[in-house]
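Given next, in structure tokens, is a single chain: the form predicted on its own.
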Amino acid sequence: MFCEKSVELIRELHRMGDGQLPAFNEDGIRQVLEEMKALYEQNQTDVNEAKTEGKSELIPSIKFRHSCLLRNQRCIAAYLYDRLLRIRALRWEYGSVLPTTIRFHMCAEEMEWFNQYKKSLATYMRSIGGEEGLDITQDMKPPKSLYIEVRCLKDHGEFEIDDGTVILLKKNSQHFLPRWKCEQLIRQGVLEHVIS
């Protein structure tokens, strides 16, 4: 039946929750594009036949196939746009470095788009907030306190805070640090917030 593959692409995204990125379905996209090509070629043949031989009985099937073409086009556009929205949200959640499990689910064009978005966001953040810029990806939720207690989940090495103090982040060590300095490391899985 027409448009089944394109609707399946949308269902695939719908099954995944927000914040999750399913693997790019290149095979599904290719099948939809092949179906669109076949529909277009059949329509071209029927349109030429209807014009030259005056077969008006072909017009309903031409309109039906054209509607299928438009539906497939909308479904592919929705699939790709939803994936870009999810990738953009992942930049805000994980920062400029995505985990390999997520990058594995992205195609080359999506990685290129992510890198361009990352550069545009960094350029914007440098342009606001004075000399040092302003990191607008920090404090996604209003903080209850400026300092938090964190536990290091893996060896990370030296970490410098604003007053020049250098802290060695070793596995299972606990520290009391400024929230805005360690929020990025919490998202990356290096630190975890210790809730007393």
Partner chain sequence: MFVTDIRKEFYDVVVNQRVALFVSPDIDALCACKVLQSLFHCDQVQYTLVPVAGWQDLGTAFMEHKEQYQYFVLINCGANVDLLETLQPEEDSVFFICDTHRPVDVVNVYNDTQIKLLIKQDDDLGVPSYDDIFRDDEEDEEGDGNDSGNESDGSAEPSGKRRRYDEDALERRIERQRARREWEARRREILFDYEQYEFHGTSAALVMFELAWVMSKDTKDMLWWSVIGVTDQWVHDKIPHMKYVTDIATLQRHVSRHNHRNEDEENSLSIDCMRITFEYDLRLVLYQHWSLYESICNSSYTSCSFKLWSINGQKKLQEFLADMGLPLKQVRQKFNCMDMTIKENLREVIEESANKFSMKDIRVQTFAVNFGFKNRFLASDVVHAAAALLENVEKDETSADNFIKALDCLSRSNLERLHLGIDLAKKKLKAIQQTVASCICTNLILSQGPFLYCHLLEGTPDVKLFSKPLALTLLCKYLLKAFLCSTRNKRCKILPLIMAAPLDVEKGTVIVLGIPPESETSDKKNFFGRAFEKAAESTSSRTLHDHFDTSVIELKMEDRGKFLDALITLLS
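Just so it is clear, the structure is predicted and the values come from calculations on it, not from any experiment. The term rigid core refers to the most C-alpha atoms you can superpose between the two forms while keeping them within 1.5 Å. Residue numbers count along the first chain shown, from 1.
The same protein also exists as the form predicted in complex with its partner chain; that form is not shown, yet it is the one meant from here on.
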query: Heavy atom contact within 4.5 Å of its partner chain in the predicted bound form, the stretch among 39 to 47, 161 to 169, 56 to 64, 127 to 135; finding: 161 to 169
query: Non-hydrogen atom contact E149 with its partner chain in the predicted bound form at 4.5 angstroms; finding: yes
query: Contact test in the predicted bound form: L9 vs its partner chain, heavy atoms, 4.5 Å; finding: no
query: Close approach of L21 to its partner chain in the predicted bound form, 4.5 Å, heavy atom; finding: no
query: Contact label in the predicted bound form: R179 to its partner chain, heavy atom within 4.5 Å; finding: no
query: Residue shift check between this form and the one not shown, rigid core fit, R151 Cα at least 2 Å; finding: yes
query: Residue shift check between this form and the one not shown, rigid core fit, K170 Cα at least 2 Å; finding: yes
